[in-house]
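This document starts with one chain, in the form predicted alone, laid out as structure tokens.
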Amino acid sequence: MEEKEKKDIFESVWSFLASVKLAIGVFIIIAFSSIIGTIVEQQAEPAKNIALLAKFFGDSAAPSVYNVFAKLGFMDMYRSWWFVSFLIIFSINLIVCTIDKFPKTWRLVKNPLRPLPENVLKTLPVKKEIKFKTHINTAKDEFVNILNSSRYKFLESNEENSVQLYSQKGKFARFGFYIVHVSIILILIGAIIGSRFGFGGFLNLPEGQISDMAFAQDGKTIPLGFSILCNWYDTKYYEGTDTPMKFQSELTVIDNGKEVMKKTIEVNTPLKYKGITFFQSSYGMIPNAVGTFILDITPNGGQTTTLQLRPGGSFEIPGTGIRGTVVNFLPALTQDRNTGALVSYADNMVNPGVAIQFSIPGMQPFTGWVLKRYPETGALPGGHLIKFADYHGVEYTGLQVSKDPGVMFIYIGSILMAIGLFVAFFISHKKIWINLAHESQGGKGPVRVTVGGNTSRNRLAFEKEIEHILSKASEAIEGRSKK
């Protein structure tokens, strides 16, 4: 009695876990939660989401709604225990459902195809009948040729005054949905592993500086296990505009005190090391930063010399007696239309310019602006040239830092899902029987051909295929009869 009760409980639990209702219910909860998780910015500063919630619930209620959402885990939903629990339940449901249904499908696939009586063929979902004035062997030969050309591997059954050809194709297509189930399970496993053992953060790394950690949205530090150095950052603009064409950084990975990797990254071209990926996501200037001006000095007909100067630093063009002193800098140089004064119209280095006070023998000292994006502004009397190459150390590169150890499961699952969906929706399990028999005894009279078949899906296409087989057979048989 006790064993029966245990069996009943097990069967009840198994039926519950394999039920379609459970799958639909959990899927609705996951979908609804994901909608909220999409609207609410994940791992963001509270002020951002409070301002967002104020649009839906009003300014007075927004803080209270935010606190409720925060306690429910909606501010970091995809890592919350309850969301991961629903993913696990959904995975268990798919696994149990697959195990529960698989044996029946396996029997259908492994069960050998057998010949059927002619009266049974006429009851199949797809059936056709046609007569030919020819010998049964002639008709059989033509159907054999057509089946071979249609890639049907057929079997043959012979009886007195009749022959039956039968075949099937695409029997493993019934496993398409199981492949999809496995792919979903792999994707869910990858998502769970990524949420529990991965991380997402950011790092604003100034030029020339190094860091061994990133930062989560809530400000918590994330140790990297190695150090990352930003050698330089640069923005390229479309000619004649202030629209960025691309922005890139050169990063160096330092592990155990040794340089192990160097790469120039830009959008969609990240750096990856030890499972951690660094994406180029933003950039900007460091407030009140003092950097190093990099100037290329070229005397008329002479060699170019690269100088590194701090603000206020001076230099001399070799062999000319011309001296220069860095006296000012503006990140986005323009001229005020009202006052005529030179001002900066942006905080970033959109149109950087350096002001240099020149002392040229035989001339009054003057101050000239050399623009980085317009090298011609560095031309001096006598054919000498000064090029403003960079102002290093005043910009930072904004890096998105992420680690997802489950991403390989997601990639494999996505590939399997594409394969499974293709098999499930575009390949069908088709069975066909072709019975050929003389209408009269003794092997005389017309040959009656009865074709029957069934398919797991796309019945209309299967009917057209059978009609094509019959049409081809008719043409071939008639052609032989005329010879």
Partner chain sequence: MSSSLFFDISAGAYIAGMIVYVIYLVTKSKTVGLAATSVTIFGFVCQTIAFLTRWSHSYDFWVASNPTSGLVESLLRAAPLRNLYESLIFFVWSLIVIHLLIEFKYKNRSLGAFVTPVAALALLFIDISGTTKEIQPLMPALQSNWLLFHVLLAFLGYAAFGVSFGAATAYIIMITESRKEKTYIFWSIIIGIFLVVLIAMGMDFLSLSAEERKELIQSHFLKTTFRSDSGGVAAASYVIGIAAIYLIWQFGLGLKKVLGSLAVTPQMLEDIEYKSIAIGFPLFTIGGLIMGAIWANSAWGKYWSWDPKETWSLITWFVYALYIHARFVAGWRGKRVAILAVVGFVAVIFTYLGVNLVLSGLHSYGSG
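Keep in mind it's a predicted model, so treat the numbers as computed, not measured. Rigid core here is just the name for the largest C-alpha set that superposes within 1.5 Å across the two forms. Residue numbers count along the first chain shown, from 1.
Keep in mind that the form predicted together with the partner chain is not shown, yet the notes after this line are about it.
Among residues of the shown chain, Ile427 is not one whose heavy atoms approach the partner chain to within 4.5 Å in the model of the complex. At a distance threshold of 4.5 angstroms between non-hydrogen atoms, Thr38 is in contact with the partner chain in the model of the complex. The closest non-hydrogen atom of Phe83 lies within 4.5 Å of the partner chain in the model of the complex. At a distance threshold of 4.5 angstroms between non-hydrogen atoms, Phe366 is out of contact with the partner chain in the model of the complex. Exactly one listed residue, out of Pro352, Pro270, Gly176, Gly393, brings a non-hydrogen atom to within 4.5 Å of the partner chain in the model of the complex: Pro270. Proximity to the partner chain in the model of the complex, taken as a non-hydrogen atom within 4.5 angstroms, holds for one residue of His181, His384, Lys372, Lys140, which is His181. Only one segment in the set 405-413, 218-226, 299-307, 339-347 has any non-hydrogen atom within 4.5 angstroms of the partner chain in the model of the complex, and it is 405-413. The three marked residues, Phe27, Lys246 and Phe279, each reach the partner chain in the model of the complex, with a heavy atom inside 4.5 Å. Heavy atoms closer than or equal to 4.5 Å to the partner chain in the model of the complex belong, across 53-90, to the residues Lys55, Phe56, Tyr78, Phe83, Phe90, ordered by sequence position.
The two forms, fitted on the rigid core, differ between the shown form and the other one by 2 Å or more at the CA of Leu22. Taking the rigid core as fixed, one finds a CA shift for Tyr345 smaller than 2 Å between the shown form and the other one. Once both forms are fitted on their core, a CA shift of 2 Å or more is seen for Val84 between the shown form and the other one.
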